[in-house]
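In structure tokens, the next block holds one chain alone, the form predicted alone.
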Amino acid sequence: MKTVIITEGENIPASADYTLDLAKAEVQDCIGCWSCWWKTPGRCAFKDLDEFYHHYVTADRAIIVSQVTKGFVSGKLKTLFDRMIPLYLPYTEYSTGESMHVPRYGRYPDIEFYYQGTFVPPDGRQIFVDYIQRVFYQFHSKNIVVKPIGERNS
């Protein structure tokens, strides 16, 4: 099983075929130029994530370890989510009763999303979990698990 790990500096005991450490990587912000859809389909104008894109779309699962920052994902992780748009086509479909981008590839990895941090107010945790579930549903992942880091199995 091919595994990609996306982390924000945490060392997690898991074997991976590729690791993207957002604490070390310099990921450019999306500038909304649409080059990834019109000029160079599937490829961002910035080349900093080319290797990540390849490993992500060929992985069976992606393990993501996130720091909760003010009840939300960190700015670096949100930037990565924004920059994943080249992995989908610019066209939208309504087959699920809602607008979704058409997948560019035949399959996307299952997601294991682990977070650490606190939430205020208490219902903030559910809002966070719902957001992550929604992001990866829109990213066409079939199996999505969102749990606190303490509930991660090795």
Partner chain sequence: MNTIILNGSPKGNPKQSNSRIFAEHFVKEMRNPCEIKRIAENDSKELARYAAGFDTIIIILPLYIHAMPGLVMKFIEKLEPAPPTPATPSGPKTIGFIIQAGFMETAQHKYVEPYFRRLAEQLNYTYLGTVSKGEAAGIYMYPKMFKKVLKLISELGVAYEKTRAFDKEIVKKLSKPYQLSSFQLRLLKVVDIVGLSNIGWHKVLKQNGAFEQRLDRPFI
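Residue numbers count along the first chain shown, from 1. Since we're looking at a predicted model, the values are computed, not measured.
Keep in mind that the form predicted in complex with its partner chain is not shown, yet the notes after this line are about it.
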### Summary
Partner-free chain; cross-checking its partner chain in the predicted complex, the single residue of Val135, Ala16, Leu20, Val146 with a heavy atom within 4.5 Å is Val135
### Message
Would you classify Gln116 as touching its partner chain in the predicted complex, given a 4.5 Å non-hydrogen atom cut-off?
### Response
no
### Query
Within a 4.5 Å heavy atom cut-off, is Asp29 in contact with its partner chain in the predicted complex?
yes
### Task
Decide whether Ala45 counts as a contact residue for its partner chain in the predicted complex under a heavy atom distance cut-off of 4.5 Å.
no
### Message
Under a 4.5 Å heavy atom criterion, is Ile64 part of the interface with its partner chain in the predicted complex?
### Response
no
### Message
Going through 121-151, which residues have a heavy atom within 4.5 Å of its partner chain in the predicted complex? Please give them in sequence order.
### Response
Pro121, Asp123, Ile127, Asp130, Tyr131, Arg134, Val135, Gln138, Phe139
